[in-house]
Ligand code: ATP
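We begin with a single chain expressed as structure tokens, specifically the form predicted on its own.
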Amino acid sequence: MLKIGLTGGIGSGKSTVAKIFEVLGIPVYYADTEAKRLMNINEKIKESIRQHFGEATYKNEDLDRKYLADIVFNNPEKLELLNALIHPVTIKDAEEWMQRQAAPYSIKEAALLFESGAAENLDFVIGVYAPQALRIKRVMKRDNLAQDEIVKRINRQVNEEMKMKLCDFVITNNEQELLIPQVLKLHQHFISLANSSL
């Protein structure tokens, strides 16, 4: 079975693309969602987070995401530390999940595929590209965040153009080119690759 990565910067629309793949019957592992789940159920991670970020990171055994976000999003070293704690566990969880899938290929959707080293375990990586101004507009609407806060988050991620160069395939999500035909073309490509490797 082929293991495909799906990545893109904040507001690029990678979740929208992932949902189209799901409609086509392809299982998708959402790394961000799973990381949040693991931070609530994995005792080893919980212990590490408490140790590095304080007891207040958990309220009644549930992660206080706002408290933790306030710490890490204003401190690059703390964000790097949190990622170092979470990424290896999430990568392992994704690999185990992919092994259990029966589809011709499965997808791991993650913003930091290259940064975390997760891309090394995948057969191909799809990038979702959107111009920065459009990404900012989408995130302002979706998350109700101020523009400068979004720009700060974008600046903490790998340069988008550089990230797209690292990808094997790029889907353009600029509200001018249709998404579904681009996804369908890749879907057919992966199906035929999966079939030829049987």
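Since the model is a prediction, treat every value here as computed from it, not as a measurement. So that there is no doubt, residue numbering starts at 1 and follows the sequence shown.
The following text describes the form predicted together with the named molecule, which does not appear among the structures shown.
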Practice problem: Could you tell me which stretch in 53-61, 134-142, 163-171, 66-74 has residues with non-hydrogen atoms within 4.5 Å of the named molecule in the predicted bound form? | Solution: 134-142
Quiz item: So in the predicted bound form, does residue 188 come within 4.5 Å of the named molecule, heavy atom to heavy atom?
Solution: no
Self-check item: Contact of residue 175 with the named molecule in the predicted bound form (heavy atom, 4.5 Å)
Solution: yes
Quiz item: So in the predicted bound form, does residue 179 come within 4.5 Å of the named molecule, heavy atom to heavy atom?
Solution: yes
Exercise. Please check if residue 10 has a heavy atom lying within 4.5 Å of any heavy atom of the named molecule in the predicted bound form.
Key: yes
Quiz item: Taking the named molecule in the predicted bound form, which residues along 78-112 bring a heavy atom to within 4.5 Å of it?
Solution: 109
